[in-house]
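In the form predicted alone, a lone chain appears below as structure tokens.
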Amino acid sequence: MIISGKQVITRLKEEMGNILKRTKSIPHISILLNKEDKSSISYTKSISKVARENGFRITLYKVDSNTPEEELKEILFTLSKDEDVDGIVVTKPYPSRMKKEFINLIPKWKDIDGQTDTNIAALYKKEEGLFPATPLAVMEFFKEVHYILEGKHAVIIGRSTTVGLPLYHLLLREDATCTICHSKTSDLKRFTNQADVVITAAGIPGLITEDMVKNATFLIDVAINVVNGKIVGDMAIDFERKDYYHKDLVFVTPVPGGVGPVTSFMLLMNTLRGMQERGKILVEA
């Protein structure tokens, strides 16, 4: 069974609509865009489009390697104190003069991409907070089909601080047994063949082949690769082949059209969560 991002977004839009009815003001997201990085520009366009389509306000601050440290610090300090601003995103890679201490100026409930030390610690300590959008998007695919993670063995391929590591902790919260594999892992197939869930974010086209997964495995492809002008993930498996589903139902996410589109929506949901914690959303009757 292929689970598309569109399917997940349909549910999220309904949830979001119910929350927006109770907001005291229009949700406002401010984005510090590293204008020297093409991926940051593309990411910002995606967030801005989705946000505006769903009634959010977006303010852009374009910075680069020439932006002075004090200016970067002042922007974040001002946004952090501004009650009109509900969410703050600093695109990666950070401008060369951006320091981690500046990122940590962002208050816990405005840090909608889970970048501050406060939210990272909350994730690791199983406390409440706002966590990175892509791992949260992955978790929505399990929720979509009511998949029970308790007791399941999940193998994550990739150990980045934006996907692999936070995802590990989110899965642990659901009582999954987790293994992280990476570029130094020997015999990757040995791990994936044991897994009930395989999540790959390695950025290596063709990394996961059909013989590397067992029946009834939940496969989630987070990677975005470009091969011969075509967007592909890490999985070299033809999920459209009917004979692939030879014994049990298999859940899979496509690339493109899978985790990527849901990521932007998780930034919006994090914004609303933060607004609720800050008293800007009326309590549901």
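For clarity, every value in this text was computed on a predicted model and none was experimentally measured. From 1 onward, residues are counted along the sequence shown.
Below: the form predicted together with a small molecule, not depicted.
The chain is drawn here without the small molecule; in the model of the complex, the stretch among 115 to 123, 161 to 169, 144 to 152, 71 to 79 whose residues come within 4.5 Å of it by any heavy atom is 161 to 169. Within 4.5 Å of any heavy atom of the small molecule in the model of the complex lies no heavy atom of residue 192. With a 4.5 Å cutoff on heavy atoms, residue 93 does not count as touching the small molecule in the model of the complex; it lies far away. Although the partner is absent here, residue 85 sits far enough away that none of its heavy atoms falls within 4.5 Å of the small molecule in the model of the complex.
In the model of the complex, residue 224 approaches the small molecule with a heavy atom inside 4.5 Å. At a distance of at most 4.5 angstroms from the small molecule in the model of the complex, none of the three residues 29, 52 and 58 contributes a non-hydrogen atom.
Just one of 182, 173, 100, 214 comes within 4.5 Å of the small molecule in the model of the complex, counting any heavy atom, and that one is 182. Residue 202 is the only one of 89, 106, 136, 202 with a heavy atom lying within 4.5 Å of the small molecule in the model of the complex.
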